[in-house]
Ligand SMILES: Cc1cc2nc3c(=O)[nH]c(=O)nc-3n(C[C@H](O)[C@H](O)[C@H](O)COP(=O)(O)OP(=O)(O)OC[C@H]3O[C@@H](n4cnc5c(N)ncnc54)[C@H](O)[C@@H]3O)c2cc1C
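Just the one chain here, the form predicted alone, laid out as structure tokens.
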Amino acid sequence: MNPYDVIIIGGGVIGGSIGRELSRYRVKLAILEKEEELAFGVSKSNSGIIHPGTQVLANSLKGRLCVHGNMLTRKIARELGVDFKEVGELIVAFDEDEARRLLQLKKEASILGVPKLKIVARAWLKVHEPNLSSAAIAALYAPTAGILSPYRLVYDMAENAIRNGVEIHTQTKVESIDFSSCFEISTPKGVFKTRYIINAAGLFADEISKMAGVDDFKIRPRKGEEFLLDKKSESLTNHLLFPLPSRKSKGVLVIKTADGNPMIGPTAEDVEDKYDLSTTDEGLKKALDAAQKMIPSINENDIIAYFAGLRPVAGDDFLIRHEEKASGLVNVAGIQSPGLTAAPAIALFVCDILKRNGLSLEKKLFFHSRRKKTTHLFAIPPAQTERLVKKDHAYGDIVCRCELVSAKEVRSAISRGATTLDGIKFRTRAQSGRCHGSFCTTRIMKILSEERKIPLTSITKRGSGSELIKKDKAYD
């Protein structure tokens, strides 16, 4: 087999963005992902915020890429049919010292080119955020902040990249990397040869880099616990609400989401274990106390799910560079917040690095930039649902009552690549409601079994080792 021109290691939002961007060109390209499905790493715990660029240093790479990415995201969302909502953000001050800090944040953001910024006073906040604490005296308003579904963005980008010729290999963990005339990447699915490697492996980017011969940075996991509220709280806020940021994090937020359920969090705790996704009573108390400072009416009883994610920290800034010690290796590491926002700008940045280091990027005669928007009953008006049901009765067969997901949508998700319960959850929201799948899980498993022609005992939550039904050898 002839070597690939480029192999991307990591199938999250960064790897997916780079893959789609490179699919514009006449290059032989593949994405290798160690998990059962794409977006099962760092991206699965993303809060879905498209940041405007108000809380990053003006002289930083992440700042420049954040502002550029915010602008690019709108175009990509239109092309791929991703529901992007520009809801705006408020960074809230509760005393005069904090109010003065807002002025410095506004100055930094203005240098970066963040548009339409303004300081708003208590009277404005009372009108536009009626549930906000009366102790708030001012806020920095950035209207270009937005929200989208990070998982659906990854899947839609991947689907579009595949249409444009990209190969995607899941369950393909990199075991070693050797170099002779090109890189040779050993995996359980064989050896992949390539001229260039894009290392977008998230929490494991330092380990991949070390395999390729560069061992001068370390990824430190930073755990963030987040707490999902019931959908009945959808109108709790009109904007994304932020406290004043610290050097370590943006603080605990009250987050509007693209799917309606507000979230509070994340916390920020440096940990050693790259698999530590535990939640704690301490994390809940910290998040709840901080959120209630901004929105006093938030109630612990409104929380329907706890989860944690790990951010890959490699320093204060993104680490994106071609490695002279391992020519052909481009490390894209330490992509923590605002990585989702910056992703399309990172993709352009990486393409420029490849061009400057010898890869010919000749544009294809035809590039399919668009895909048909995926139908979600939860996102359309009842009249449109009624028309769909008349055309296809499977739209009227509701599998998930909490999130209004039909059998048609579940089967469509499977046809688009979902192989696990989490894969269906991330694509459709089935199992995401207050009942946590108590009503719909068995039905989804049955559909998965039918569509994939596999036994129920082979169905997993998120890949090997997470089977829900144990096969009893006594009945074989």
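We number the residues from 1 along the sequence you see. As the structure is a prediction and not an experimental result, all values here were calculated from the model.
The same protein also has a form predicted together with this ligand, omitted here; what follows describes it.
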Residue stretch of 441-449, 423-431, 410-418, 36-44 approaching this ligand in the predicted complex, non-hydrogen atom distance within 4.5 Å
36-44
Picking from 140, 347, 335, 158, the single residue whose non-hydrogen atoms come within 4.5 angstroms of this ligand in the predicted complex is 335
Counting any non-hydrogen atom inside 4.5 Å, which residue from 243, 88, 224, 328 sits next to this ligand in the predicted complex?
224
Does residue 67 make contact with this ligand in the predicted complex, using a 4.5 Å heavy atom cut-off?
no
Examine residue 201 and determine whether its closest non-hydrogen atom to this ligand in the predicted complex is within 4.5 angstroms.
yes
Within a 4.5 Å heavy atom cut-off, is residue 172 in contact with this ligand in the predicted complex?
yes
Heavy atom of residue 309 within 4.5 Å of this ligand in the predicted complex:
yes
If you apply a 4.5 angstroms heavy atom cut-off, which residues in 266-282 are near this ligand in the predicted complex?
266
